[in-house]
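Look below for two forms of one protein chain, each set out as structure tokens: first structure 1, then structure 2.
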Structure 1
């Protein structure tokens, strides 16, 4: 980040100076060399000067040389070689949500990247369908998620907190609503979060939540979603195992409350037109049962 700041300041400074020179020169010309009334005839016909041409070729050459060296060193600092290490996180782009996998613990979540603040992690980026791009402005660089071409990126968030980002490569109807949250936590909080996500939840056995579990297995939900510890293991849609612990649904279109989950289930296209989650034409009872089930998984 420091290297990047240096490069940015150099570039801004150079740009401001050059623009300044041109603007001042043009302003001076407008005042000084505008045709005044009463001036007759043609001005002195000046065809050019070899010396000047050489000067203003060489100065930019020098500026570009410095800029290029800075570029190379910054590029190395921002993107050091990953030394064939296994990634800590795998980020998989889907139309229009993010699947986040922690390979070591086997945790799979969606639309939220949890990180230990201050620790540099290696992320591998893939795409299941079209090209997406991971961009969290406060964390610096962006990188494409290209199908058939995994990319690697170092990711680090200095301070605990929530960093907002979005998909930056146009990826279809809901490109605008493919948002991502990076949640940087202290080491303890992070490992607590990870352990909790890795636990296999118990399927509720009583009440409306149990009914919800039954409905979930019976209708098509399980063709697209995963709930750990149940036969539902598809990855077409986000993992719903610990949906209740996440902040948003639909990659940022709604805040995550039981009410909003119900609204989403009734008609996803209302909040995210074009979304690949179909409207399952659920009755209110079915919706309430499923919501109770999804909430109960986190108890």
Structure 2
């Protein structure tokens, strides 16, 4: 973002200088060459000056050359090499949510990118269906996610905090509700988060949570979702491993609370019309059991 902002500031500064010169020149011409009282006819006409022609040709060329060099410098700073090493993060666009993969640790999460503040990471961006566009304004450039054509970008957050973004390329009915959160943490906090996410959660063996685990595996949930350490390993929908640790569900449409998870399970289309998650026609007892199971995975 700093490189892009720098190019913008330089361009604005050059444009302001040019505008100032033009305004001053026009004001001077208006005052200096205004028609005086008693003067008649046309003023003297000068039909050419080789030196003047060369001057006002070379100056724009020089300005364009400076902007070209600044742009090349910015491109070098912003565009990463795409083949010299493996990415630190893989961001995959789906209709209408984000899949986040950390290749080295094997961690897979959804809709939240955790990263260590101040460290520059290489991100590979892919799409599973249509063209999406990853854009977190405070962190810099927008970049398309194109099916079959991975793109690469550097991603870095200077300070710890939460940076909000969204898909910036119309991708279907719920394009506006394809939101993303980048959570920058200290190195220690990020390391703790990554270690925790990589740990296989224990499957509850007693109580309502155990009943929820059984229901989850018996109905179609495991055909779309992943929960580490269980037979559920599909990646059609978001990974639900440690779902309870995320701030939102439905790619930002609801705050992540047990009540909201229950509402989502009962009728996803009510909160995200067109969502590819079907209404499973669950009973209240089944919903409560599955919510208890998903919450217990974080214990």
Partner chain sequence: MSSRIPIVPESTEPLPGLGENTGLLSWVASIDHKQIGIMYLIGTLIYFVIGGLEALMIRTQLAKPGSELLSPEMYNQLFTMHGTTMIFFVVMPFLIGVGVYLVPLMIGARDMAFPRLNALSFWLFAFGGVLLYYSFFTQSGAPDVGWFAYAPLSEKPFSLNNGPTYWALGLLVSGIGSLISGLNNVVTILTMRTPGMTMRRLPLFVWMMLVTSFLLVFVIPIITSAFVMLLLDRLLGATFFTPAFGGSAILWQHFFWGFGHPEVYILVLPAFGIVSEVIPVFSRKPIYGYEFVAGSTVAIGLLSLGVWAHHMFAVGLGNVANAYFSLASMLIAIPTGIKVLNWVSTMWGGRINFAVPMLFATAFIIEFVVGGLSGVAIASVPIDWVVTDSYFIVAHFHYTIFGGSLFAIFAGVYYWFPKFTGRMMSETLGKWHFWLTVVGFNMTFFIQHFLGVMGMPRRTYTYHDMPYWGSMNLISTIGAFIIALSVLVFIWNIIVSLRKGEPAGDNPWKAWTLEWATTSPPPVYNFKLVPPVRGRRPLWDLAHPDSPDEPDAKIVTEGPNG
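A quick note: this is a predicted structure, and the numbers were derived from the prediction, not measured. Residue numbers count along the first chain shown, from 1. Between two forms, the rigid core is defined as the largest C-alpha subset superposing within 1.5 Å.
Between the two renderings of this chain, the form predicted in complex with the partner chain is found in structure 1; structure 2 comes from elsewhere. The rigid-part assignment between structure 1 and structure 2 places residue 174 and residue 35 apart. Of the two rigid parts that make up the chain, the smaller rotates 23° against the larger between structure 1 and structure 2. Taking the core as reference, the Cα of residue 54 moves 8.9 angstrom between structure 1 and structure 2. Here the rigid core is superposed, and residue 10 then shows its C-alpha moved by 3.4 angstrom between structure 1 and structure 2.
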